[in-house]
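Quick setup: one chain, the form predicted on its own, written in structure tokens, and binding and motion questions come after.
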């Protein structure tokens, strides 16, 4: 029992769970109606898109990569969905399927540049970040907005299904899929190996480039799905949709315990990171704090999360140096 408690209390996810629970009780005590069922559903409804991006960002970071383009791709896909529906007269279902395909193609562009040309993921996705956002601005000329979607489509983002927000079952299914992929398949477990050592993974017979490419294609598809849900929730599609979402997604992943250097992390940790950010943002509104405070505290949480993963390694290195230096000093004195 003691060993079980020691091994679990020290886990990053356990500490983060305690933070989430503390946040909940604190804001419930200072904010009116924060703990109500309606507000809980509101938290879920407003965090699904960032949650989807964070879920798919987890395997990317596990492989040692990064994708800064998911927020811009969300905006581009939202615009293209609206254009297919309004100008091409597609049904919402047909426009949604085409949008998912567009997301896959955009993810494939990132995958090709990263795996085929061997370009750094940071540089590639920084470029496509500007490319996707620029395309969205060019298509709309910066002013065109797509609205007046049918009620059957708006149901997905604004109504309830089985007593919960209608987009929640989709998020749950994606979360289960990503969790099973990362934690219960040999395909997903190889992400950690790739993150630790790509060359070692190649020597082990793992098709590194193919698996990295599939992860970025998956990121494109999930970003398109998030764009559809985003459009349904707001009832409109604009070129600035998803601005800054990539940073919140990365923050949630790192806050959840995934190492930014790759190789270490869990999907359930990411879910806790999403919950911590969502509760913090909503709770500060109920506590009547400025929106800027949420950004500052989210940044502080990210810095603390990064430090929590780096500081133990730093102390371990210092301890190892002392242990190495002790015998040498003993020999000199003797």
Partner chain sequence: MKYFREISVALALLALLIALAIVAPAFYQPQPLLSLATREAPTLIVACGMALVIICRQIDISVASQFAICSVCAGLLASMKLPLVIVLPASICIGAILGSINGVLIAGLGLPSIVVTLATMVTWREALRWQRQGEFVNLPDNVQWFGLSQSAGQWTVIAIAITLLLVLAVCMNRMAAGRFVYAVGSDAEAARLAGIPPQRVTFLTFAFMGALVGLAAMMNVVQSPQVDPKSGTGIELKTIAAVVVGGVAISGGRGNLWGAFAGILLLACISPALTHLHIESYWEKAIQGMIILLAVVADGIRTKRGSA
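Numbering follows the first chain given and starts at 1. What you are looking at is a predicted structure, and each value in this text was computed from that prediction instead of being measured.
Note that the form predicted in complex with the partner chain isn't included here; everything after this is about it.
- Looking at 220-228, 93-101, 124-132, 163-171, the stretch with residues near the partner chain in the model of the complex, meaning non-hydrogen atoms within 4.5 angstroms, turns out to be 124-132.
- Contact annotation: of the candidates 250, 80, 215, 106, the single residue with a non-hydrogen atom within 4.5 angstroms of the partner chain in the model of the complex is 250.
- Within 4.5 Å of any heavy atom of the partner chain in the model of the complex lies no heavy atom of residue 111.
- Contact annotation: residue 261 falls within 4.5 Å of the partner chain in the model of the complex, judged by heavy atom distances.
- Using a 4.5 angstroms threshold between heavy atoms, residue 141 counts as touching the partner chain in the model of the complex.
- The closest heavy atom approach of residue 119 to the partner chain in the model of the complex falls within 4.5 Å.
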